[in-house]
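In the form predicted on its own, a lone chain appears below as structure tokens.
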């Protein structure tokens, strides 16, 4: 249970004033935003200075996989700070070595070497650099419905509209359509058709780009912010086969899907696929201290046995971040968080969301697994017209804004992107909390229903 906190609006006003005076927020028009002043958080909840408590169905930015303020992780950070708060990355440090070992034990196949970064975007940047150096090729292929980060290469790899303001058109990135049956670009009617046609499209793209020019294919195992589209059976295995045939490095981005989010340590486990490189961040330590990394196959690691790898970060494998990772992984093991995420998805979130879809005409599709779900909201179920246009803003986005406001009024903090709302709570959310969230969604969807035809 979250503690009772006395409202303190005056303190909240001071926090808000300092934020507005000095903090420059990401992805925002600074003069048009009104950030909530957060007073505290615990488990699946957070609260403001006015005494309003919210069930967090975003888990931060889909990273607090073990919830807020887990005492074992907080204590591990405190203990590490007292023992060795920081040290340069060129040295062997016990907690860094232990974090790498624990991660490598859980990655699929021979992804046993870990290069640490400060977050997911840097992990993607370095994975692409490794692939280019390993192959001696320049081009990288990625999907349109994707997000890989906001640094230079990562934002060009990204497929959604956040790429557009920073897209130089010269980063060596080629985009293609990944499978998504609900909005199929291939006119498919079954998952098998969608998989086969998407693979043919990818192979055609490689053929016309020139296989000898392609260093890597980068895919989110299950796209996150872009819509949680679980790949159809056989698709990822087919990509693996194409990469093997042309000597292309296969990179899976597990920044959002990894560390229990899908009911497995990594989403790749669901599909029996082992990439050459795998990026991670977020859930590796529940975001308590910034950490990401690249898990590297033996073959690619061997490329740099006698050849220096030309990349590094001052805070790579920071001791506080690694201590948080070690504690988080041990908590997940001891408390069976991965198994719980699978269970909650199968027995509460999945069935509950599908039941909502039966009653609300604004829900076009429900998809996901574990603690990783999306609801596609539509104006018309027959035509599948989105509730708001693609990349809508201002008045065009009003129906989703109204839905979001209704969620918050009901004590639920929603994850909203374009015409979708995602149900991505902490992986250790209780059944009672999950049902509380579903009830709040149920009430809010009546607002979305008002905009259907």
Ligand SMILES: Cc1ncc(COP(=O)(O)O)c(C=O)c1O
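Residue numbers count along the first chain shown, from 1. Here the structure is a predicted model, which is why all the values come from computation and not from measurement.
As for the form predicted together with the named molecule, it is not shown, yet the points below apply to it.
Looking at 144 to 152, 172 to 180, 188 to 196, 319 to 327, the stretch with residues near the named molecule in the predicted complex, meaning non-hydrogen atoms within 4.5 angstroms, turns out to be 144 to 152. Contact with the named molecule in the predicted complex holds for all three of 220, 255 and 282, each having a heavy atom within 4.5 Å.
Contact annotation: of the candidates 230, 225, 362, 80, the single residue with a non-hydrogen atom within 4.5 angstroms of the named molecule in the predicted complex is 225. This chain is drawn without the named molecule; in the predicted complex, the residue among 121, 366, 103, 268 with a heavy atom within 4.5 Å of it is 121.
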